[in-house]
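A lone chain, given as structure tokens: the form predicted on its own.
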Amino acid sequence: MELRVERDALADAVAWGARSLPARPPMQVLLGLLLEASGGTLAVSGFDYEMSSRVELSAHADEDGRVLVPGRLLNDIVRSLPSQPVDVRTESNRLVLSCGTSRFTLPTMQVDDYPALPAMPTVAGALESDVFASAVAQVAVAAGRVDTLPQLTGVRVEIDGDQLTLAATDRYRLAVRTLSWRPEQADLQATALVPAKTLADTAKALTGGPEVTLALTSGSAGEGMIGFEGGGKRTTTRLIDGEFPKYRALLPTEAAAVAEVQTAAFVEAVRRVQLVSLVAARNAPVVRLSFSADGMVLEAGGADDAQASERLECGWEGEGVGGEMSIAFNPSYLLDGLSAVDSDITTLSFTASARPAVLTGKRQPDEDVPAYRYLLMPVRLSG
């Protein structure tokens, strides 16, 4: 193998392939990145039997070939190279990289022992890459992070014709995002439970192209797979085998009270008040919100601890004119929801102070159901 490639393109490709490198591989060969040069193209691939990543980039190749090299070391080296063309060639059982005055020699691994990457599943449809990345980010924030409940560490993907719904929950909050997309079949219906971190990293990385193609296949328990492709990059990952909670029953259809607050001011107020809650907390930090016709008051702390309060203007439609209500939340969960709303106005809908609240963006007169909903469980206060 002998070729020349642009440094930035190579760094991006190697970083994409390295995302599939396992922390604890079942065999050492999976710690390698596969480099394949053919017909003026360099392909970089990584695989750990759960997730695969592959990207192709243009290269000036004098000699085709394939080689397997330590992936993380290659990634670190390429990122450190100066912004100049990189010459890559094999010498016996070594890979040599030259860039400007820098020269690195890496040992190669047994390329014949490297497993074949899985084929992309059947294409299900496509949508704009930036829209997809934004929607995934809004939902993935609510996914669980405890491996003992694997079904809560995923994002549920629901396909119903030209409508795509993403949902995630960790039992304390629930995020749901509905968006339009272009399915391959108008009557397509399918569901998948995708690892949330993998989905979030993938969606963010695929914004380099205008579109993302989603491919999906189903199999026996634990054998389902989903694939994404865009901007010359592709990846596949196994689906989570588990039953996702029946979340739709948790979303209230009516509200007894509604508040509208400027999102930026709300975020800053929560960040300030929570400083006291973090110090005063005995079990978990808490921020209390009180609503009335006079506005909203945020409070934290207690009689024997540091205290903080801040008042904000807000629109309030309570039970009867001038109705009042108080509710408490975990401030970190509240901030996650406010950041994901992606609107200058946040609408909070309540059924009761002891029931979950729903955060959405600014209410639209022609919108029956908001495209994004973040349901947040309140914290029960003693007394």
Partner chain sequence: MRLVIARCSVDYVGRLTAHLPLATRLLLVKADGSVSVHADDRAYKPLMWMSPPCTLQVQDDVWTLTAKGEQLVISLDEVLSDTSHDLGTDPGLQKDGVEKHLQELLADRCDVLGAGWTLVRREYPTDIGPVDLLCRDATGAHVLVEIKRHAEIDGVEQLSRYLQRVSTVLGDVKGVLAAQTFKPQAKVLAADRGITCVQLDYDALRGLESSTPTLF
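Positions refer to the first chain, counted from 1. Keep in mind that what you see is a predicted model, and the values were worked out from it rather than measured.
Another form exists, predicted together with the partner chain; not displayed. Remarks below refer to it.
Contact with the partner chain in the predicted complex, judged by any heavy atom within 4.5 Å, is made by just one of 100, 118, 115, 245: 245. Checked against the partner chain in the predicted complex, the residues 304, 147, 187, 254 give one hit for a heavy atom within 4.5 Å, which is 147. Contact with the partner chain, judged by heavy atoms within 4.5 Å in the predicted complex, is confined among 193-201, 269-277, 84-92, 148-156 to 148-156.
Annotated contacts: 171, 250 and 378 all touch the partner chain in the predicted complex [non-hydrogen atom within 4.5 angstroms].
Although the partner is absent here, residue 294 sits far enough away that none of its heavy atoms falls within 4.5 Å of the partner chain in the predicted complex.
Residue 241 belongs to the set of residues with a heavy atom inside 4.5 Å of the partner chain in the predicted complex.
Heavy atoms of residue 356 reach within 4.5 Å of the partner chain in the predicted complex, making it an interface residue.
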